[in-house]
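Consider the single chain below, provided in C-alpha cells and representing the form predicted alone.
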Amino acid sequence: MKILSRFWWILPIIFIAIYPFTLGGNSPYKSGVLIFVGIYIILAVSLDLLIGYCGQISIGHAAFFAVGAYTSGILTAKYGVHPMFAMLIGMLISTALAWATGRPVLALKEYYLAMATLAFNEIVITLIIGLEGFTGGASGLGDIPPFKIFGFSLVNHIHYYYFVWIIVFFIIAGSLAVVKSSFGRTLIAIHSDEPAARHFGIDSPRYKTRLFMLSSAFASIAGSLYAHYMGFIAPDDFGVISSVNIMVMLYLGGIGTIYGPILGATFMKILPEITYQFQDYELLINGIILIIVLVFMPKGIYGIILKAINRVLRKV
C-alpha cells in the first residue's frame, strides 16, 4: 500500500503511453480528444497557480491562451517562422503583457480583480477582431502549419499526441516544484493573510506579478499547441466562455492542489463527448456544474477521492 501511495503517478503515465494503441484504437478522433485534454490540463493547472495558491481571481485566462495561439499562428503561417521559435515568442509576449498589467490589475481585490481580468480578455479579443490584416479578424486565421521538431513534422496524430503529453508532464512537474519551493510557500502565505505577509517584509506585489507571468507563459504554450493542432483559429475559441470553462475545470477538480485541475480538465473535455446532443446548452450545463461543486463539493473531485482513499486506509 505504501509503494502504491508513493508511486501512483506511474499508472496515469502508463495509461497515456499505451492509450493510442489500446482504447484509442489508433484513431485520430480518439487521440484528438486526449490531445485537447492535455492542452486544457495545462490551462487549468496554470490558472490553479494563480487562484489556488495566490488567491488572485482571474476570469480572463483565455486571453493569454489567445496570445500564444495567434502569435504562433501568425508567425508560422504568414512569415515562415519555425513553430518552436514562434511558441517561445508567444511566451515572451504573454509574460511581457502579464508584467505590464500585473501590478495595477493584481492590486485590485475580489470582484474588482475579476472584472479587470474579464475586461482584459475582452480587450484582447477586440484587438484580434480589429487587426484583421494580421489575425484574419472574425473570420479566423487558417493555414497554420503543423508543429516541427528538428525538421520532423508532427503531422501524424500519434506523434503530436505524445509531444503534447510530454509537455503536459513537464508543466505539471514544474508547477509542483514551484508550489513546494520557498517561492510557493511565500505565495501561500500571501494567500492566507496578505497584510501579515507584508508586515514580515514580503513584497507581495512582486511575488504576485511573477506568478502571473509564469501562469501566462503556461497558458501561451497551451495556445501554441492548440493552434498547430487545429490549423485554424478564430476569436470565438478564446472568449470569456473559454475563461469560464477553465475556471469550472479548476473548481470542479479542486483548487490549490495541482492534481485537482487535472481531474477537472479531463472530466470537462470528455463530458461533451458523452453529452454531444446537448452542445447548445454547454454554457448552461457548465454553470450548473459550477454551482453544484461550489455548494456541495467545495474541495472538488480530488477532495472526494482523497476522502474515499483515507476511509479505505483506515479500514485496512
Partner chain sequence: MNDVSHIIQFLFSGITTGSIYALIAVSLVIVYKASQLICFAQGEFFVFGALSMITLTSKGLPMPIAFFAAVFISVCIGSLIQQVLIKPIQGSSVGNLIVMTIAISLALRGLALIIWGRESYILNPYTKGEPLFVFGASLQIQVLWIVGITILVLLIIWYFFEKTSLGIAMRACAENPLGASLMGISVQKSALFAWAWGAGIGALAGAVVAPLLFIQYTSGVMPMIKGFIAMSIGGLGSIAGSVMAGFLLGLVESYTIGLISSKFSDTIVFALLMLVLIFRPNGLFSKS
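Throughout, rigid core stands for the largest set of C-alpha atoms superposing within 1.5 Å between the two forms. Numbering follows the first chain given and starts at 1. Just so it is clear, the model here is predicted, and its values are computed rather than measured.
Although it is not shown, the form predicted in complex with its partner chain is what the next lines describe.
- Every residue in the set 104, 247 and 294 has a non-hydrogen atom no more than 4.5 Å from its partner chain in the predicted complex.
- By the criterion of a heavy atom within 4.5 Å, residue 263 is excluded from the residues contacting its partner chain in the predicted complex.
- The closest heavy atom approach of residue 112 to its partner chain in the predicted complex falls within 4.5 Å.
- Under a 4.5 angstroms non-hydrogen atom cutoff, its partner chain in the predicted complex lacks residue 91 among its neighbouring residues.
- For the chain shown alone, residue 251 is a contact residue for its partner chain in the predicted complex, at least one non-hydrogen atom being within 4.5 angstroms.
- Although its partner chain is not shown here, in the predicted complex the stretch 93-131 places heavy atoms of 104, 105, 108, 111, 112, 115, 116, 118, 119, 120, 122, 123, 126, 127, 130, 131 within 4.5 Å of it, in sequence order.
- Annotation: Cα of residue 298 displaced by at least 2 Å between this form and the one not shown, core superposition.
- Pairwise change in the predicted complex: residue 295 and residue 55 C-alpha atoms lie farther apart than in the shown form, at least 3 Å.
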